[in-house]
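Below you will find one chain, with nothing else, as structure tokens; this is the form predicted alone, and questions on how it binds or moves follow later.
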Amino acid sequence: MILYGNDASPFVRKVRVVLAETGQDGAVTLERVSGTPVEPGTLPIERNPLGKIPALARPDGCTLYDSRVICRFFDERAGAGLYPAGARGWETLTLEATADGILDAAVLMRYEVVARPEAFRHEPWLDAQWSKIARALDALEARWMGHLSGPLDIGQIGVACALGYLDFRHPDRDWRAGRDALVDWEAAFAARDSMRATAPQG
């Protein structure tokens, strides 16, 4: 199987962490691609008409895209249990959605700076995106620490990748301020082999 992505994408990182945590690193070859919403570059638009990464080309089925779909595919393939059943399962999916929402806003902030001419950048837009992130981080600190400290699941992986991306692309925003429990959790999770091996580059 071919995983289209790059070393800077937090959504690709989420898939790569799942691969590492479930012992499936050898199941894929990473095809490095890059581009932006205004210049698709080498993004796999023939595989994913939306032109987004990650995309997973398989020899025996359609190309899968969206990190949530690909992560679920590899979880089921390995029987890893990263998507638990019952009440915790719904919490896990909500936590994953929260992490992906943080990433959506953070990536939009990145594109506002790198894809829009400086004269047209809109600071209120950047601040509005960060407000979404800050509210989500506050919710993690106030509501989700018990879940984050429980058995490994996709929600935890998503949050860890989101926090890593904030450090990578938005270090000046200091997501850690006033969130001591989340800071401690992130430091411990970031020490996992899967996280160290997939640290963003580029």
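On a predicted model such as this, the values are computed, not experimentally measured, just so you know. In case it trips you up, residue 1 is the first one in the sequence shown, and so on.
Form predicted in complex with a small molecule: not shown, discussed below.
With a 4.5 Å cutoff on heavy atoms, Tyr165 counts as touching the small molecule in the predicted bound form.
Met1 falls outside the set of residues with a heavy atom inside 4.5 Å of the small molecule in the predicted bound form. The small molecule in the predicted bound form is approached by Ala8, whose closest heavy atom lies within 4.5 angstroms of it.
By the criterion of a heavy atom within 4.5 Å, Arg88 is excluded from the residues contacting the small molecule in the predicted bound form.
Note on the partner interface in the predicted bound form: the residue among Arg173, His147, Arg169, Arg68 having a heavy atom within 4.5 angstroms of the small molecule is Arg169.
Residue Val107 is the only one of Ala78, Leu93, Leu126, Val107 with a heavy atom lying within 4.5 Å of the small molecule in the predicted bound form. Stretch-level contact check against the small molecule in the predicted bound form with heavy atoms at 4.5 Å: of 127-135, 94-102, 79-87, 110-118, the positive one is 110-118.
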